[in-house]
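Only one chain is given next, in structure tokens, and it is the form predicted on its own.
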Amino acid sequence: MSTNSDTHHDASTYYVPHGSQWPILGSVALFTLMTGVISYLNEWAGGWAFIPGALLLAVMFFGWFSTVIGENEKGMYNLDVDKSFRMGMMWFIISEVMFFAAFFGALFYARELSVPWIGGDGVKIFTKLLLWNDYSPAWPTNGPARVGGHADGSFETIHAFGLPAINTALLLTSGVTITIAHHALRAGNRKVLGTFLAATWLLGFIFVYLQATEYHEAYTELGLKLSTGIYGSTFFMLTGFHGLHVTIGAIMLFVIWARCMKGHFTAQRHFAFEAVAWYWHFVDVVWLILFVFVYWI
């Protein structure tokens, strides 16, 4: 590789990865995981159906990221590759925005359009008269048929200013701690970097624990489940996928922290750190929107 590769853009100065088995393993892992999800949701199998796909996915992530980290530490990546990484991360986050926008769109459609229509709003008056004459279109709802919930079809919601408010404070605090860690990295202060980065992933895992506690209460005491009509399905799809993103983000933060403890990254070259920080700030913003429109309003 040319020593002045950071100022050139031709093929000879741009690192081209060798053939890799990781994308193939990733495809197999995702297919296996989705098969497990389908089996579980259709009650063909228990929770164990998630395990094979999850293990394959974990192996893929560990192996692929180990390869990339090793190549980076050997100096195989120049500024051209760094720009490609940044562009890829940007488009990845945009795709994540679209992913959550679809679920928020489903929530809006159900809450603001479908439920009022079933209740006879506007030109849909005959829907109420002919099908659900006694239905009151109030949100939250598990539908005219009162699907799911307790034995009598009732359910309770989770109060916004309980565990959700605590989790909001945790994520907002983690956004501050990772920003401090980033500034410390750029200033060359490794001690502050390690301390505040550790605080960030600890806050992330505490968030996941509290959300699991919230889910347990919802299922065992409140009658609120994934099968509890349109409210239950939108609630758990939004909060569940966000919780999955927090879990993945906390794991990535832990990996970045471990790398920092090994002396990886410099004040000028630390894309992996920035990528995780971008992802974490995205997770924070999604949670704020989720907190307002799912828990509060």
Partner chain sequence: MGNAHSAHAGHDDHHGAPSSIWARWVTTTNHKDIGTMYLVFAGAMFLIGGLMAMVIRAELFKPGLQFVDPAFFNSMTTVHALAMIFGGMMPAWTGLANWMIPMQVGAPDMALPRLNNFSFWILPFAWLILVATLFMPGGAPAGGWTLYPPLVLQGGDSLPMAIFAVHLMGASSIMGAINVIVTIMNMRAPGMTLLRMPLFCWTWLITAYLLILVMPVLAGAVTMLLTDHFFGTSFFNAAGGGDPVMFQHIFWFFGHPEVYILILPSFGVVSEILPTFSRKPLFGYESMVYATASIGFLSFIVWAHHMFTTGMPLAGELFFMLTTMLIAVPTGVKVFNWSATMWKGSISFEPPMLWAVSFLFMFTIGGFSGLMLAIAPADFQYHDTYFVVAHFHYVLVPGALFAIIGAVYYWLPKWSGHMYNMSLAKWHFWLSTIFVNVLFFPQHFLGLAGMPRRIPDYSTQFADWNMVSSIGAFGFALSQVLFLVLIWKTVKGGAKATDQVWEGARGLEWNLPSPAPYHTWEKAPAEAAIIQASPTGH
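Numbering follows the first chain given and starts at 1. By rigid core we mean the largest C-alpha set that fits within 1.5 Å across both forms. From a predicted model like this one, the values you see are computed outputs, not experimental measurements.
If you look for the form predicted in complex with its partner chain, you will not find it shown, but the lines that follow are about it.
A.B. asks: Of these, L170, V208, I158, L226, which has a heavy atom no more than 4.5 Å from its partner chain in the predicted bound form?
C.D. replies: Contact check passes for L226.
A.B. asks: Just one of 77-85, 185-193, 199-207, 171-179 has heavy atoms within 4.5 Å of its partner chain in the predicted bound form; which?
C.D. replies: Selected stretch: 77-85.
A.B. asks: With a cut-off of 4.5 Å between heavy atoms, is N42 one of the residues that contacts its partner chain in the predicted bound form?
C.D. replies: Answer yes; at least one heavy atom of N42 falls within 4.5 Å of its partner chain in the predicted bound form.
A.B. asks: With the partner left out of view, is A218 within 4.5 angstroms of its partner chain in the predicted bound form by any non-hydrogen atom?
C.D. replies: Because no heavy atom of A218 falls inside 4.5 Å of its partner chain in the predicted bound form, the answer is no.
A.B. asks: Is S136 part of the interface with its partner chain in the predicted bound form - any heavy atom within 4.5 Å?
C.D. replies: So S136 does not count as contacting its partner chain.
A.B. asks: Please check if W278 has a heavy atom lying within 4.5 Å of any heavy atom of its partner chain in the predicted bound form.
C.D. replies: Contact check for W278: no, nothing within 4.5 Å of its partner chain in the predicted bound form.
A.B. asks: So which residues in 59-98, when you check its partner chain in the predicted bound form, have a heavy atom no farther than 4.5 Å from it?
C.D. replies: Residues within 4.5 Å: M60, W64, T67, V68, E71, Y77, D80, K83, S84, F85, M87, G88, W91, F92, I94, S95, M98.
A.B. asks: For F236, state whether the C-alpha moves by 2 Å or more between this form and the one not shown after rigid core superposition.
C.D. replies: Stays below the 2 Å threshold, so no.
A.B. asks: Could you check, with the core superposed, whether the Cα atom of L41 shifts 2 Å or more between this form and the one not shown?
C.D. replies: Result for L41: yes, a 2 Å-plus shift.
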